[in-house]
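Presented below, as structure tokens, is a lone chain in the form predicted alone.
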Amino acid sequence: MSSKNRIAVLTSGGDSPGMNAAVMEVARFAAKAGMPLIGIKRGYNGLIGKYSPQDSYTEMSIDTVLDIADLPGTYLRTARCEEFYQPEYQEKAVRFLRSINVAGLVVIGGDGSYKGAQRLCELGMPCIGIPGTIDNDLEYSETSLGFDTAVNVCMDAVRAIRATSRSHDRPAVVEVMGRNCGDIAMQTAMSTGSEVLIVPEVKNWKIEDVSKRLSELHRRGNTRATVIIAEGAYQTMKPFDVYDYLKDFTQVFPGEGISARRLAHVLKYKTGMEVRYNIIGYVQRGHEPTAQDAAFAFESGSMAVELLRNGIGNEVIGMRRGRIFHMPIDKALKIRPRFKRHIYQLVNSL
């Protein structure tokens, strides 16, 4: 690939802090290499003609991106694209990229985004993946863009919650993000001294065990313990009929199933303590990146451009033992998550 070849960049899947920083660094290093850059809007949707041309892609220059690095969200927008699972749309995307003289694509996203990039590579379009997911659920890399920021946001929130819990002698349930991976919850619990951790990797966990844990902590003098739960953990709990349990209480619970609010109420009635609940939510996504995430974006942008400049595609970038590296997409996607059970047990044993 010559230095005159044009490349493109897109952000896909859920937004994460550091995506804008990565886009900016791709633009800076592409400009240094003399490689024109196209920004694809709204993830893979921008490649399949779902929107008008002005809403699908844009020419990117240093002047365009210098001010976006510290912005939350993603300047190029992001969205999931169900159509992209279909081969005809994947082929259409490659034809589109070639029609605008793009010779390589940088994809910033999670495992679903990587699978799309893998398919484009199979169709002859070189792609480089940069991990952008706050869940940190790409096992091949120690971290991903946004994870450190999300943990720091949760840490600050939990510290504030624990301060008022201490003042009022009230336990708290705090829900953080993490659909299939409990890394945010685990790091938050470790960094705040929280006493109860619930993650989706542990199957058939019981509300009764959480209640017993809180009651035991109370007997030991801890009247303001914190329960950290990942949002996906409700799906892995042992079946519990929250309505049957709460039918004798006056609180009305619209909707179905368990939630942070319902979990707090069940724990309140089981333990006799004033258990409150908090959901940290999208503030984890829409926050300025920490120094660690911004630095990772810098190195990733540099490596992505260098790989494409040298005609190398079908690779993803990651961090291992604090150092940036790259490996084939297919090998990265085959690495299965390894749950840190010893950390989980430590948090729930102190």
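All residue numbers are counted from 1 along the displayed sequence. Bear in mind that the values here come from a model prediction, so they are computed numbers and not experimental data.
FYI, the form predicted together with a small molecule isn't displayed, but the following is about it.
J.: Identify which of 125, 266, 172, 81 has a heavy atom within 4.5 Å of the small molecule in the predicted bound form; exactly one of them does.
T.: The option sitting close enough to the partner is 81.
J.: Exactly one of 74, 188, 113, 144 has a non-hydrogen atom within 4.5 Å of the small molecule in the predicted bound form; which residue is it?
T.: By the 4.5 Å criterion, the partner-contacting residue is 113.
J.: Contact with the small molecule in the predicted bound form for residue 262, defined as at least one heavy atom pair within 4.5 Å: yes or no?
T.: Close contact is absent here: in the predicted bound form, residue 262 is far from the small molecule, nothing within 4.5 Å, heavy atoms only.
J.: So in the predicted bound form, does any heavy atom of residue 109 sit within 4.5 Å of the small molecule?
T.: Flag for residue 109 set to yes.
J.: Can residue 224 be called a contact residue for the small molecule in the predicted bound form at 4.5 Å between heavy atoms?
T.: No, no contact at 4.5 Å.
J.: Please determine whether residue 20 contacts the small molecule in the predicted bound form, using a 4.5 Å cut-off between heavy atoms.
T.: Heavy-atom contact with the small molecule at 4.5 Å: absent for residue 20.
J.: Pick from 7 to 15, 20 to 28, 322 to 330, 336 to 344: which stretch has non-hydrogen atoms within 4.5 Å of the small molecule in the predicted bound form?
T.: So the stretch in question is 7 to 15.
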